[in-house]
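First, one chain by itself in C-alpha cells, the form predicted on its own.
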C-alpha cells in the first residue's frame, strides 16, 4: 500500500492543478494578511475560504482523480493485492496531496502572521474539512461507474452541506419556534461537517456574531473546550464512516 500511496502522491503533487491550487491559497491568504494590520480580522476572512473553497476543490478534485485513475485501479485489482488496500492507498494518496497543498498555501502565511492558538484552530479545521470532503468524494465515486453522475453527486453534496443544510435548520427553527428545540439543533449540527468546522474555528476565535444560531447553541451547551473537542471528534467520524463505506462498496463491486 505504501508504494501505491507514494506513486499517487508524487503524481498528484506534480500536476498543474494542485500547484495552481496551492499558489491560489497562498496568494489569497498572504494578501489578506497584507491588506489588514490586524491579523485577527484577516484570520476571520480565511474562515470563509475554509468553509467554501476548500470543500469544493477537495470534493471535485478527488472525484475527478478517482475516475481518471479507474484503469490504474483495474490493473492493480488484477494483481495479488487486496482491494481494500488499493482503495485505501488511493484515498490516502489524494488526501495527503490536498492536505500538503492546504498546509503550504494557508499554513505558511498563517504561521508567519498569526502564530497563535486561533491560527492553529483555523489550520486544524481546514485540514479536517479537506479530508472530510475527500472521503465524501470517494463515497460518491465508488457508488457509480458513470463519471458525470459521480461529479454531479459530489457537487450536490457540496451544495447541500454548504448552503442547503443551514436553510433547512432555519426552517426547523421557525416552524417549531414555540418549542424548546435547542437540543434538537445541537444534534442536527452534528450532521453537517461544515457547521462543525465553523463551530470549531469560531469557538477558538471567540466571535459570537459569526457563529450563527447553531454555533451559539452549541457553545451554550458544551462551552469552549468541550465544544471544540466534541466537534473535532465528530469530524473524525465524518472521515471514518465514508471511508469505511467506500472500502466496503469497492471491495464488493463488479469493476
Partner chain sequence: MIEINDLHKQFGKLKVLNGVNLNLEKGSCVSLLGPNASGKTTLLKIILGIVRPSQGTVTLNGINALKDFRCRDFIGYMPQIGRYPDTMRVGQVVDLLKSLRKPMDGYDDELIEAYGLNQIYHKSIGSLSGGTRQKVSACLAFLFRSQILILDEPTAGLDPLSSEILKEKIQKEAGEDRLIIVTSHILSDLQDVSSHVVYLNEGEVVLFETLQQLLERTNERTLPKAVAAIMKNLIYA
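All of these numbers come straight from a predicted model, not from anything done at the bench. Numbering follows the first chain given and starts at 1.
Just so it is clear, the following notes concern the form predicted together with the partner chain, a form of the same protein that is not shown.
*Asks:* Pick from 69-77, 168-176, 128-136, 151-159: which stretch has non-hydrogen atoms within 4.5 Å of the partner chain in the predicted bound form?
*Replies:* Correct option: 69-77.
*Asks:* Using a 4.5 angstroms cut-off on non-hydrogen atoms, would residue 147 count as touching the partner chain in the predicted bound form?
*Replies:* Looking in the predicted bound form, residue contacts with the partner chain do not include residue 147, since no heavy atom lies within 4.5 Å.
*Asks:* Is there a heavy atom of residue 82 no more than 4.5 Å from a heavy atom of the partner chain in the predicted bound form?
*Replies:* Close contact exists here: in the predicted bound form, residue 82 approaches the partner chain to within 4.5 Å, heavy atoms only.
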